[in-house]
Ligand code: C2E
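Okay, so here's just one chain, in structure tokens, the form predicted on its own.
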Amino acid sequence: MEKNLERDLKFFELFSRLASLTQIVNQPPQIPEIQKLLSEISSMYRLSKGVTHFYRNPGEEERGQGETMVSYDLKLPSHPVHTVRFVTRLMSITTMTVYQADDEPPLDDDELSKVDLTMRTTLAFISRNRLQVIAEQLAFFDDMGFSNIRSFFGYINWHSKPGDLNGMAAINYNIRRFSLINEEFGRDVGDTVLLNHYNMVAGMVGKDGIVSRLGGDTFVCICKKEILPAVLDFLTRAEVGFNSRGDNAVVSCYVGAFIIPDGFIAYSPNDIMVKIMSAFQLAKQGSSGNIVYYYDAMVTDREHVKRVQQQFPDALAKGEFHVFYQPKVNTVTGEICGGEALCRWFRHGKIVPPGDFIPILEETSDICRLDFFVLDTVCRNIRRWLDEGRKVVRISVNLSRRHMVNERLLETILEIIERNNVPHKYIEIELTETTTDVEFKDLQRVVCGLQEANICTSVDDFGMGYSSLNLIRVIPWNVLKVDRSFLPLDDEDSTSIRSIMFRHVVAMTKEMGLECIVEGVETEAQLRVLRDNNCEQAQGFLFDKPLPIEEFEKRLDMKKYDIGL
């Protein structure tokens, strides 16, 4: 009796300490001390092992997919003697099973009640602790395990004192055309590529920084400045594996970067977010490269961008956009052999420079609406010229790269042309060279579709893009428009690099059976170079700038230019 009383007193001493430790809140749990107490109580009651399972929900319990924790194990042949199951209002489930060695006498009722009390107290603590971990995971990680925007904001808030962010850089990046990876390999592989790419960036950044997902395939990151070049190089192009066979997907990104100056204070996360997002938007636009660094005037620029995007729908509805035409001229006869349609915006009596709105509209699908407006206007004018018996020439209409992902692009173009009853021979669709192999495939698909519809196609800015020779080898163009950068300057002789390249580009084009036109012709000397190299089409300020419809019609009536023949 005295021995049992001594053991009971010892139990209540240990249990009181255990209960006290398991009630601690807002402090790091004393896990080692709790485990020590559990071991002492287990030893008192001849237990050989204690195993705990935690399940987030009943489904995990049924599938056996929860967490397993072994708090005490003597590694002896044992059998289970008691199990306690604890279910929370959130339907998480915690179970604990204790074991006795096979040669130990069984627990009596009093011993079992004390073991049960200890187990229930411990389970309540474990359940509460694991729910806290889950709550933190739900708050700071998304359902795929990516650190989320709350984590990123938390990192910035924890580094908000002067000097905390010295030597650091922040970036906002997005995986380019990630949907094509999903289409080519399937969504499961796409998820694996996304996670592996994230883990590789996080591995480079290390514990000194953070990588978080904003959503979809867009991420933000803070890293040390000295590793920024390596991170940007990885984001520019990386081969990311997605299976045990070593298969890879090539991943490239648009990136906005901000080099955080020493002494910078982030009073709120937005002090950094607005900078990297402004740079990122400019990178995604594409006109400044795929990696853009933040500069102080960028926020003002973004305000201008928002104004243009807000004004565009109303301006289009009110007829503020007008189509101008720049003549294309035969260099031998001086005759007008075509025209290029160009859009001009008149707002409050003033013309808005194309550079102030075209790149902005290209950030969204607004540019596609504008392109279709231009095509429809051109078709209506051609129909009117035909009905009036005027001379009609083929008019080229530029389409933005934004159209390339539109699977119904061909149908839309044909619908506009047919609705205006315009013969296909009078329309030319002008497309710009691509900058990546992915965009190249889209371009090939679109051009081939237009060719099947007997619509003339031309490649603009030849020589400036992804793979110029492959571009004309694989895709069936009608017209090659040579960029002005190939055109020799007035003071260059025939042996200059530019003159040699120009000569061979024109010769190659003609030998392939394509029409060749040179843009940006501004001087008599350049016109002579075209004639000397048998290039028969040109456009540029030497002949005319882009003209309003009335002036262009006068040029059509004039029939030819006096080019000194």
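All residue numbers refer to positions in the sequence shown, first residue = 1. These numbers come from a predicted model, not from an experiment.
Keep in mind that the form predicted in complex with this ligand is missing from the display, and what follows is about it.
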Worksheet item: Just one stretch in 31-39, 517-525, 47-55, 496-504 has heavy atoms within 4.5 Å of this ligand in the predicted bound form, so which one is it?
Response: 517-525
Item to complete: Using the partner position in the predicted bound form, report whether residue 340 sits within 4.5 Å of this ligand, counting heavy atoms only.
Response: yes
Worksheet item: Heavy atom to heavy atom, is residue 460 within 4.5 Å of this ligand in the predicted bound form?
Response: yes
Worksheet item: Is residue 371 close enough to this ligand in the predicted bound form to count, meaning some heavy atom within 4.5 Å?
Response: yes
Fill in: Any non-hydrogen atom of residue 319 within 4.5 angstroms of this ligand in the predicted bound form
no
Worksheet item: Quick one: of 366, 430, 376, 116, which gets a non-hydrogen atom within 4.5 angstroms of this ligand in the predicted bound form?
Response: 430
Worksheet item: Considering this ligand in the predicted bound form, which of 100, 398, 381, 212 comes within 4.5 Å of it through any heavy atom?
Response: 398
Worksheet item: Among 358, 484 and 540, does every residue place a heavy atom within 4.5 Å of this ligand in the predicted bound form?
Response: yes
